[in-house]
Each structure stands twice: as C-alpha cells, then as structure tokens.
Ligand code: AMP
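What follows is one chain in structure tokens, specifically the form predicted alone.
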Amino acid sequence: MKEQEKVMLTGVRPSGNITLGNYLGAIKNFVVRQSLYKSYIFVADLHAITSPRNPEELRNAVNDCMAMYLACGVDPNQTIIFRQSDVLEHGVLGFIMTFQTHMGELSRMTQFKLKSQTCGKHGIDTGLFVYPPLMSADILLYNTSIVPVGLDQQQHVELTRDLAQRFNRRYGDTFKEPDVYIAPVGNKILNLQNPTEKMNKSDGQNMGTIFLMDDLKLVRKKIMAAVTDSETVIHFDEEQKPGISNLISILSAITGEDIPSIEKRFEGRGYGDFKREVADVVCHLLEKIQANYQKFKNPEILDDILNDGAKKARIVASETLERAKLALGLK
C-alpha cells in the first residue's frame, strides 16, 4: 500500500565519481522505495561550495550527478528532482537553523573532526563547520518522514531530529521529526584493499574502490584482487573475516539473496569461485547503469527535469518556511 502522506527525501552532493558503496548504501534504497512515498531528491550544490570549487567544474558535476541518479533508477514521474540552489528557502531556513544549533554539536560532527585533523596551515573553512544546520533545513522543509542513508550519514539525520525537537519546544509545533532508514544489508560497503575502512571516493590508489563508471574489466580486476584471509571458508564474520564479509554484503545487497543462503550455496567452494560470481553480478549491474547514463547525459533533458522539480519543491518549501517565520515572530 502506498503511503502518499509520508515523505522520503535524500540529497546528493556533486563531489565526484559515485561509488558502488554510495549506490548500495543510499541510492538503491531510495529507488526501491520511491513509489511508496511522496519522494524528493536534490543535488546539494550549496553544500558543494563549503570549499572553493571551479564554477564550470561544479556545473558539470551537477549534471553528471543527476544523470547518474537517473541512470540508477530515480524516476522523474515518481520523484521530485531539483537543484538545491534553485529553491532559495533552503538557504534561509539553513540560516535560521544555525541559531538553533550549539557549537559543541557542530564540533562533534564526524566530517568536521576528520577534516580538522588534516587541514593545512590556512585552517578549515567556516562552511564545513556550519553546513549541518543547512542539511537539517534540507530535510525539514519537506515535512520528511524518512531519509535513506548509509551509516556514515546517520549522525546528520539525528542532529536534524534534535534541532526539530528544540525548535518545536521553543516556538510551538512547526517541524516534522524525520526518521533515518538504513538498509539491513549493504549499509556500509568497505574498501576492497582495506576492509576496515569504508569504500571512499577519495581513495588514492582506487583499487579498493569501485566507481559506477569504472571500466568493467577494471571492476573485475579489483574484485578478484580484493583482500580476504588465509582461510577458504565463505562465512560472514565482520570481525574475523572483514574482507570476505564485505564481498558477501555486496552480493547480497545487489541480488537480494540473504547471507545464510549465500554461505550455504558456496559451502565447500573456494574464494576464486566466489569472487567470480561477485564480479559477474557487479559488472552486470554497472553495465546497465552505464548504458542508462549515456541516455540521460543531455543538458536539455536534465534542465527540464530539474526546473520542473524546483517549481514543485518551492510550493512545499515556501509553506514550511512561512510557518517557521510565523512561529519565530518574523511575520
């Protein structure tokens, strides 16, 4: 049964090549559920300028990112798709939500902590410190019920709930408090060469990360070279067998086959057979995505979809912002 009164929303930062981990942790979950909710997806181009970006590169990255999401199955007939910067209410409510946020909360955000440890002599940009309230505004503007994310983004949705509760206590019932949705399988896909770390698009050597636009021969090579262990038993154990467990998660997340079934099916078979099946399944998925990507990488088609989505998004966003301004005494 469709839950049309409930809203699902996700945002994607146009920060480069999308990984298999991004797809399995968030995109796939959104695509599967987009028909069950009133669904929104936006390109978070305002978040992309928390650090300096070349303007032309940013424009291209926005188009590439949306083409890829459409290629992965996001449907403009079921989902409102738009650019964050085309809906000015995001910036205004983000500024308002900054005043509801404590500096201690922002300093505990994982992204800020990681960047602050590695920043150079010029220090860290203010944008990186204060962007979580904007992310909260992104979610609250659309009366969002659920936000499908990977484990690494759970913290942002939890902060959004805290800020919504704080605002509602201070100024009256204004915002809906969102829930996070984390898929039971595939929520944290790990690096193939270092299965104690997540699959990261900034991975320097790239042999540990599969990108959705990778050459399929390279994808197969990466999977066959994935670090496992000295045993030959295909068994899910994240602590003792992180490498093989990661590959089992990938196979399960793509095919829908549960982990015990995979273990049973490969009983008595070696890692080589197992890796070949994982490679076959991943390459088949990426082959379809890459073919779809070429269809959608058309600036005119993308502009039509994004402009139409922004018009629809503004209707809801403006109503929410007006409600917040009224609660604050700004109306």
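Treat the numbers as computed from the prediction; the structure is a model and nothing was measured. Residue numbers here begin at 1 and follow the sequence given.
The same protein also has a form predicted in complex with adenosine monophosphate, omitted here; what follows describes it.
Not displayed here, adenosine monophosphate is approached by residue 201 to within 4.5 Å at the level of heavy atoms in the predicted complex.
Residue contact check for residue 11: one or more of its heavy atoms lie within 4.5 Å of adenosine monophosphate in the predicted complex. When adenosine monophosphate is considered in the predicted complex, residue 189 lines it closely, a heavy atom lying within 4.5 Å. In the predicted complex, none of the heavy atoms of residue 320 sits within 4.5 Å of a heavy atom of adenosine monophosphate. This chain is drawn without adenosine monophosphate; in the predicted complex, the residue among 149, 164, 74, 254 with a heavy atom within 4.5 Å of it is 149.
Of the listed positions (249, 153, 228, 143), a single one reaches within 4.5 angstroms of adenosine monophosphate by any non-hydrogen atom in the predicted complex, namely 153. Annotated contact segment (heavy atom within 4.5 Å of adenosine monophosphate in the predicted complex): 191-199, selected among 191-199, 172-180, 228-236, 74-82.
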